[in-house]
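One chain comes next, on its own, written out as structure tokens in the form predicted on its own.
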């Protein structure tokens, strides 16, 4: 056996051993060694501990390599070994533009197996500076933004940190988009064509407080994409004439920009009432109208956007009416659990925060939260994404009507009950279960 064959044999033997070790990992948590996971970060870092998955959601702060293979490997050596140990990853990489450009595993992860790293946007910026700079510019040009989704919108959000981390893991998983580019450009192909499809955005943009996917797929744009999208060339850039109907990326990342919020008017996903037609937003409204002009007349686009503005205004009129009812109950002391009787919140003590909490509140307060945050946001998203059903019927305006009726009915019951208590001389005391309980006791509090 000559020297070259021996080296190949030895390398494949090492790879086979690595395969066994890769599939039999030793967990740091299992050994009780938390390492970087011993405490959280941010202004309340000492009050919470991240779950294990934070290593992958925020690798810059929490990831620690745990490899049993020693040595420095580069280029084709990585590919040969991972073709055996993680074949699907290797196949995806071989089909990628990275493969064709000679960007091997070590270029992103490092070559020392004991110091393997997970890439972050700064890693990608070495080859994609323009895209990463546009992405990071979201911090200055708008809110919400992908570039600040994790810090401070998760680890410094009081309602997030006061709750047990496994409960709010879904928030951190999607908000990790701040820390890594593969939230949109799925590894290890990293195809721009995949990121242009609305399905890529639907991974995170769905659910009761951000029903972007549901609103888009039930719009004319979404229906056309579903009917005809398989016939489109998704490798084409996001420019006029290349796509029969606009996708999420076509409008929000116009002409391929990686700043997805530069034309957005912030309203806390629709919870705050903002008049987007106001003079102060004229430049951004013009920018949106120009995008619509790729397919529609300026008259049509302007009219539709004004109509969406009015839809949102009606929604907030209902919210204000409900808010007045609940506020009066609070002032009169008729809410079952007053702030002083509740477990304190992490960031606001016993302060009453109408509409700002979804947990450890009375049913009427929770109904108001749903009306403002879930239904109100759905109406806003549906109006501007052209979803007729969600704007008006199933989860929109008519659902808000139902919630307003429930709030008024509950308020009526509370007042009638208080009247009866006064007549018979009963003084009601709030039950202890508002203060203590197996779950309630798990909520974090700064004393």
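Numbering follows the first chain given and starts at 1. Keep in mind it's a predicted model, so treat the numbers as computed, not measured.
In what follows, reference is made to the form predicted in complex with a further copy of the same chain, a form of this protein that is not presented.
Q: Let me know the one among 155, 132, 274, 200 whose heavy atoms come within 4.5 Å of a further copy of the same chain in the predicted bound form, would you?
A: Contact check passes for 200.
Q: From the list 359, 352, 266, 281, which entry has a heavy atom within 4.5 Å of a further copy of the same chain in the predicted bound form?
A: It is 359.
Q: Residue 320 near a further copy of the same chain in the predicted bound form, any heavy atom under 4.5 Å?
A: Although a further copy of the same chain is absent here, residue 320 would touch it in the predicted bound form, with heavy atoms inside 4.5 Å.
Q: Although a further copy of the same chain is absent from this view, report whether residue 159 comes within 4.5 Å of it in the predicted bound form, heavy atoms only.
A: Yes, residue 159 lies within 4.5 Å of a further copy of the same chain in the predicted bound form.
Q: Hey, in the predicted bound form, does residue 53 get a heavy atom within 4.5 angstroms of a further copy of the same chain?
A: Yes, residue 53 lies within 4.5 Å of a further copy of the same chain in the predicted bound form.
Q: Does residue 61 reach a further copy of the same chain in the predicted bound form if we count a contact as any heavy atom within 4.5 Å?
A: Taking the distances in the predicted bound form, the answer for residue 61 is no, it never comes within 4.5 Å of a further copy of the same chain.
Q: Are all three residues 43, 251 and 291 in contact with a further copy of the same chain in the predicted bound form, where contact means a non-hydrogen atom within 4.5 Å?
A: So, no: the whole triplet misses a further copy of the same chain.
Q: Please identify, from 69-77, 206-214, 97-105, 258-266, the stretch that has a heavy atom within 4.5 Å of a further copy of the same chain in the predicted bound form.
A: Looking at the other structure, the answer is 206-214.
Q: If we check a further copy of the same chain in the predicted bound form, which of the residues in 382-396 reach within 4.5 angstroms of it by a non-hydrogen atom?
A: Read in sequence order, the residues that approach a further copy of the same chain (within 4.5 Å, in the predicted bound form) are 386, 388, 389, 391, 392, 393, 394.
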